[in-house]
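Let's start with one chain on its own, the form predicted on its own, as structure tokens.
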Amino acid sequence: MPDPQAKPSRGSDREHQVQTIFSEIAPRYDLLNHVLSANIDRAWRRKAVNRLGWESHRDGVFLDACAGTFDLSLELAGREGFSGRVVASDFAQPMLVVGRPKLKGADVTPVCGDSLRLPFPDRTFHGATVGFGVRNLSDLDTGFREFHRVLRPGAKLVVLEFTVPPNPLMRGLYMFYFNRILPLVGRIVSGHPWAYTYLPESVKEFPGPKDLAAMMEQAGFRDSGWTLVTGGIAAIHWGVA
């Protein structure tokens, strides 16, 4: 049975739970990301940035919300022809601190900020990305409204997130890995007793792609869509403000 602490909480308890988890696992976060995904996460991030349409605003300002240790921020900032700036926001400050040495002069500005109360004026950004972060928001509707608020009209939001594969065979293998292998390896490498049990629990309760697209539209996004990657292990969503 999962540790009771690993069950995703609600409201302000969820905010505290997520902030605690990611603050405590920050030193081993990158290592575990790449090991547990067999480096497939790098390809997912490339595909997510490909959907952003940043080429229309090469010198623009872009938001990477729930930025963690900056992997998605750096994917955009490192693109050939990109001359803009990425503002990388996360409310778990230790993640930003651990990731900072990776920036190495890249035009990425870290900001300790909560995605439910983004510390930016309306219509600030030419585009926004969220990598594996919306699943952890205590209020998805509020989060999407905040993303919409800070985007300029016509700017695109791209969300990369885990989902449950639609194919029964793939889903069975995926859930075996998520429920048995990932928590064990995560606990051994990170030293955290339940953080990597929280991950599969949070994926199980998360809306599927169709429902998530509907939530984005309710928040004001148009032309929403999604594509599954790696057999439906994850999905890339997008919508236009």
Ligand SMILES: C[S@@+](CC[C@H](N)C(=O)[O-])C[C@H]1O[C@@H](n2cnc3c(N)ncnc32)[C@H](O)[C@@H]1O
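Note that residue numbering follows the sequence shown and begins at 1. Treat the numbers as computed from the prediction; the structure is a model and nothing was measured.
Just so it is clear, the following notes concern the form predicted in complex with the ligand, a form of the same protein that is not shown.
Chemist: Using heavy atoms only and a 4.5 Å cut-off, determine which of 99, 110, 133, 165 is in contact with the ligand in the predicted bound form.
Modeler: Here the answer is residue option 133.
Chemist: The ligand is absent from this chain, but in the predicted bound form, do 122, 140 and 144 each have a non-hydrogen atom within 4.5 Å of it?
Modeler: Heavy-atom distance to the ligand in the predicted bound form: none of the three under 4.5 Å.
Chemist: With a cut-off of 4.5 Å between heavy atoms, is residue 45 one of the residues that contacts the ligand in the predicted bound form?
Modeler: Heavy-atom contact with the ligand at 4.5 Å: present for residue 45.
Chemist: Since only the chain is shown here, I'm wondering whether residue 116 would be in contact with the ligand in the predicted bound form (any heavy atom pair within 4.5 Å).
Modeler: Yes, residue 116 lies within 4.5 Å of the ligand in the predicted bound form.
Chemist: Is there a non-hydrogen atom of residue 63 within 4.5 angstroms of a non-hydrogen atom of the ligand in the predicted bound form?
Modeler: Close contact is absent here: in the predicted bound form, residue 63 is far from the ligand, nothing within 4.5 Å, heavy atoms only.
Chemist: Even though the partner isn't displayed, in the predicted bound form is residue 128 close enough to the ligand, meaning a heavy atom within 4.5 Å?
Modeler: So residue 128 does not count as contacting the ligand.
Chemist: Tell me the stretch among 169-177, 182-190, 55-63, 22-30 that has any heavy atom within 4.5 angstroms of the ligand in the predicted bound form.
Modeler: Within 4.5 Å of the partner lies stretch 22-30.
Chemist: Looking at the ligand in the predicted bound form, which residues in 74-98 have at least one heavy atom within 4.5 Å of it?
Modeler: Residues within 4.5 Å: 90, 91, 92, 95.
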